[in-house]
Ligand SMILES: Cc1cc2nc3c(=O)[nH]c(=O)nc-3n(C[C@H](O)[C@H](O)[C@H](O)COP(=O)(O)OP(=O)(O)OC[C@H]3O[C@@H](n4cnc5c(N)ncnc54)[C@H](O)[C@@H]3O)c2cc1C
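Single chain ahead, by itself, as structure tokens, in the form predicted alone.
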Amino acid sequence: MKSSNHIRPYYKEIDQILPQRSADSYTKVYLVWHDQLQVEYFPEWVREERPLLLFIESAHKAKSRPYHKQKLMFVLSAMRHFALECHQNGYPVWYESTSQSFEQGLIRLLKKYEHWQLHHMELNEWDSIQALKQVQKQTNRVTTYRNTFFLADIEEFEDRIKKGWRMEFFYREMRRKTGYLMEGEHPVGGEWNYDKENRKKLPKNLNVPEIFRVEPDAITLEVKHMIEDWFPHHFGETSSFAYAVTSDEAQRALEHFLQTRLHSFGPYEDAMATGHSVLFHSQLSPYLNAGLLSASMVCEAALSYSVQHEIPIASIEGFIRQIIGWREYIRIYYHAMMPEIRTANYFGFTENLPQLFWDADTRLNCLRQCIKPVIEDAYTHHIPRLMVMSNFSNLTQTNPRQLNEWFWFSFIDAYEWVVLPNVLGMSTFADGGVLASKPYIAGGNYINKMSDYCSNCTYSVKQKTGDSACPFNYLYWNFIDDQRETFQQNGRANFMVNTFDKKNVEEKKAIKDSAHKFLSQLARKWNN
């Protein structure tokens, strides 16, 4: 169904397939959100009665942040493919495009078609939830259903998580609830967590599998041209786009991971390597977060495969923990902490984001290697995000809310419910310790231990201070000294303050001088 208030030069692929429909023919209308793209998770009555499915694209939403061009391509192409899939499966489909905000477009439709009764599944992001509440206030014709793409109920856990209940204990409860990797009341293998076994550096002679790729079809290419025309100044590039945009393609991506990466996922989960933004990670997060895959679907496929192919316990446990532990946990944390958490800034940092986050133009090879694939492909796995980019942001006293915003619009798998807990809760300690017990910071030795970046860097990781030294080295100790009160309050981290205090006067002065010089010369930019 064509929109009445938007020029549609880039909708030919769907307009020529979707038939014109009379709005008067339908009373029940089911709103399909951009991250709920699987029919089998619709409410049962929707699958039985097949009401009118309503899709809405909002140009206003796309312009609200400089979202990575590939992220916009992915979301919009996946929506259009799913709309056509629903049509082919016998659902009536109305595909609306509007230059207005999502809620303005929806309110206009509901006012125009006063007999429509709107139904939808719970949304994940705060702004969208509030927008739907405003729609409901104005029309009083909206019914909400539980979100079945997730395994955990928010209400069951949010009070405990808000009080600082750690992910490890939540994870163990989710293992018991799902039965995943359980033998009765006991974890398979005798341990709940094998994270200590998953910290190996990538060997030089280990073959890294090819990244799963899908060539863009006509629908995706049409979206690509639209993005390049309408959003030319947005972050990132479009040329290398090769992500799955349908549930069938996402299922193939899952199978590819199981067959080529799962076995080695565990030991090299924390590794980083030049030219490899994925390594043995699944790269399934875009598809999970868009609803092309579900948590239960991915976990059950991985568990079945691990039994049939004798996958090491550390690999399958580490993978399951990412999904039913971390992913489910941060969703609940987000809802428990909103909206106050948006303004969190425990250390009070006010500096703008370093310029290098925008262009990867830096002498620091680790940052160049980690940011370049984000610009090109809107993706790198979680250790570069946490231990290089977020680490550098902390050590350079960058406003954590700017880092959060940058992650939000830069990554293909990023939505606020995912990004905010990871950035403001975990990596920057902006929430003051509700989610993580200490800030995630490290010196050059950690990066050198877990990657090959330092061997090709103009800075020397072996030097601790001075112009030739790795900046992570002196910035780390400068941070420890500046934030010593926070570390002294933490039994796990107090030793770092003691170590700094044992340095002689000359060492301390060299650290402070090197840090001051680097920070004063660091180019910064924030134009969002």
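Heads up: residue numbers just count along the shown sequence, starting at 1. Every value quoted in this text rests on a predicted model; they were computed, and no experiment measured them.
There is another form of the same protein, the form predicted together with this ligand; it is not shown, and what comes next is about it.
- A residue is said to contact a partner when one of its heavy atoms sits within 4.5 Å of a partner heavy atom; L106 fails this definition for this ligand in the model of the complex, lying far away.
- Contact annotation: S77 falls outside 4.5 Å of this ligand in the model of the complex, judged by heavy atom distances.
- Shown alone here, Y95 lies farther than 4.5 Å from this ligand in the model of the complex, counting heavy atoms only.
- Looking at I323, you'd find a heavy atom of it within 4.5 angstroms of this ligand in the model of the complex.
- Although this ligand is omitted here, in the model of the complex none of I211, A244 and H256 has a heavy atom within 4.5 Å of it.
- Segments offered: 274-282, 246-254, 108-116, 213-221. Contacting this ligand in the model of the complex at heavy atom distances within 4.5 Å is 274-282.
- Interface residue among L395, L288, L123, V135 relative to this ligand in the model of the complex, by the heavy atom within 4.5 Å criterion: L288.
- With the partner omitted from this view, the residue of F235, F265, F170, F102 that lies near this ligand in the model of the complex is F265 [heavy atom within 4.5 Å].
- Interface residues of 367-405, taken as those with a heavy atom within 4.5 Å of this ligand in the model of the complex (partner not displayed): Y379, T380, H381, H382, R385, L386, S390, in sequence order.
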